[in-house]
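A single chain, nothing else alongside it, follows as structure tokens in the form predicted alone.
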Amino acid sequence: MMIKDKRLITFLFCTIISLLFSLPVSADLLIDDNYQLVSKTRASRTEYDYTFKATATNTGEDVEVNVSATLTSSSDFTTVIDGDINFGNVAAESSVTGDDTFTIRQNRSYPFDPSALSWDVTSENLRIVQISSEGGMPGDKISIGYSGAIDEEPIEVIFSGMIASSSVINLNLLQFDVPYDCKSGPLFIRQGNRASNQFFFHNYKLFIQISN
């Protein structure tokens, strides 16, 4: 029976992880509408292409990781030619100007309406994206693949409310030992004030529990 349970946890570890990816919209991220004009090019008799740089501002208290933004237009006279910008990490209460640009095409026979432009801004949560193990017994090693971490900042494994012994294997991969004095409880990783999604481990069976 024990062998069957260990096979079950290994199977569950490896098969449910595809459900965990997420790039949430952040309420703390804003795109400043005071754009920086880079170039202006005539596209037709009445249309011009305008290329700008944009700035993302983080109004929250935590760093936002892998920030990106996509521009859309609700106007028939303003067309988004290239509306994707990456900003990288944006520290708390700070602003970052994107290295790349966005481009719109405006029909100048009609007035430009700034309110027709809107941004969808996303960032990456700290998330467990893969877990693998030879079993779930005390002393067994469990590997955790993760994303959304801040480079060079320490990461802790929290198991049943305690910091578990762990070590970083390589980029976005760490390993920890199942404690001998605890065989069940929530499992997640933490980096500073940022906590990942969590799992619940109980009686050698794994149940998924998503958290923001």
Partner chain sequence: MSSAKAIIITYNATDLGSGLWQYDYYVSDYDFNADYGFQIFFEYGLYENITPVSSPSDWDVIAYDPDVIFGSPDDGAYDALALVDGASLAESFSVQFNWLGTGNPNGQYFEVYDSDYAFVDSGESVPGTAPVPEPTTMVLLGTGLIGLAGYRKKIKKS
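Numbering follows the first chain given and starts at 1. All values derive from a computational prediction rather than experimental measurement.
Form predicted in complex with the partner chain: not shown, discussed below.
Taken together, Val129, Tyr146 and Phe188 are entirely out of contact with the partner chain in the predicted complex: none brings a heavy atom within 4.5 Å. In the predicted complex, the partner chain sits within 4.5 Å of a heavy atom belonging to Leu117. Contact between Pro111 and the partner chain in the predicted complex is found at the 4.5 Å heavy atom cutoff. Remark: Val121 does not count among the residues lining the partner chain in the predicted complex, judged by a heavy atom distance of 4.5 Å or less. Shown alone here, Ser165 lies farther than 4.5 Å from the partner chain in the predicted complex, counting heavy atoms only.
Considering the partner chain in the predicted complex, the lone stretch of 167-175, 62-70, 153-161, 29-37 in range is 29-37 [heavy atom distance within 4.5 Å].
Within 4.5 angstroms of the partner chain in the predicted complex, the stretch 34-62 places a non-hydrogen atom from each of Tyr35, Leu37, Lys40, Arg42, Ser44, Arg45, Thr46, Tyr48, Tyr50, Phe52, taken in sequence order.
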